[in-house]
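Shown here is one chain on its own, the form predicted on its own, set out as structure tokens.
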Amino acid sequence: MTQGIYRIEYNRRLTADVWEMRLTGDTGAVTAPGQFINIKLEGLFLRRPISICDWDGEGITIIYKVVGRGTAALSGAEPGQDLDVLCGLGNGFDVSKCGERTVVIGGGVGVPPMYGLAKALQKAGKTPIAVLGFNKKEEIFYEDQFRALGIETTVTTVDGSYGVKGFVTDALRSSYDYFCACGPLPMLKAVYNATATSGLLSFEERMGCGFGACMGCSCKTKYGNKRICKDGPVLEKEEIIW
């Protein structure tokens, strides 16, 4: 983990309430896809945790949904503005545990970290498959970016307005030997029940500090208590207690 000042390169709207932001700054603490950053915002006591979508040697890309005061304030930030950021938090996805044909499953704002994971899997010589779930056509983002990677990509919508009608579990038809998932808790539980292989699931939790000091995001696993912000957010399928 590092703390530093990051400059906003751009902050643009992808859908009605989903935004993409590029931050330039030190990315040395980012060691795995699925890690997150914690952003300090003026007038708010707690930092806001946001998953890392993509990164390179110059900066990081995040995608966030406006759901409260913090993300609303973030959507109003301008290019050139500096932000105080804790970077490289959480364990992320362990690519070495993934199979040769891993399906990456993202639901809503659980999609962004799966993009970075898909790129990491390709870099490791593996063949990812993507399943992206949304409520309706108007909420879809990053489909083109996944397809541009040259990977098999399926989009589902709950209302059937685009792609496969239903949930991400309705699109788990291609052969795969491992899975990685990120999204809302009901989706993760459904994926857990629908998959026969081992896998990794990334959980969301309310975080106080974001780096394991406050113990506010602790959860029980089969191997004892773990902190979602530090020991997670990624947990193995076999250790999860629902």
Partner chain sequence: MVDTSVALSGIRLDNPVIPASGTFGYGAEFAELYDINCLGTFSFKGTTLSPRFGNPTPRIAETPGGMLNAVGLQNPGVEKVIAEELPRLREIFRKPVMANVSGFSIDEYVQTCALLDKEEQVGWLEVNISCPNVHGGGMAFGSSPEAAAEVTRAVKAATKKPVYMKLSPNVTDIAAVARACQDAGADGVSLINTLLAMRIDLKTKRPLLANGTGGLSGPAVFPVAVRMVYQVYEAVDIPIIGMGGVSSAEDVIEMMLAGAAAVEVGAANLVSPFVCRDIIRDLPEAMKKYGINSLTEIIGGAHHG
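Residue numbers count along the first chain shown, from 1. Bear in mind that the values here come from a model prediction, so they are computed numbers and not experimental data.
Unshown form predicted together with its partner chain; subsequent notes refer to it.
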Notebook entry, point to check: Taking R7, G25 and I62 as the candidate spot, are all three within 4.5 angstroms of its partner chain in the predicted complex by heavy atoms?
Noted result: no
Check: Heavy atom within 4.5 Å of its partner chain in the predicted complex: which of C214, A29, A194, L185?
Finding: C214
Checklist line | Answer option from A171, L86, A120, L83, heavy atom within 4.5 Å of its partner chain in the predicted complex | finding: L86
Check: Where, among 171-179, 200-208, 185-193, 51-59, do residues come within 4.5 Å of its partner chain in the predicted complex by heavy atom distance?
Finding: 200-208
Margin query: Does any part of L14 reach within 4.5 Å of its partner chain in the predicted complex? Heavy atoms only, please.
Written below: no
Next item on the list: Give a yes/no on whether M1 approaches its partner chain to within 4.5 Å in the predicted complex, heavy atoms considered.
Entry: yes
Check: Is there a heavy atom of K220 no more than 4.5 Å from a heavy atom of its partner chain in the predicted complex?
Finding: yes
Item checked: Contacts with its partner chain in the predicted complex - residues in 52-83 whose heavy atoms fall within 4.5 Å -> V67
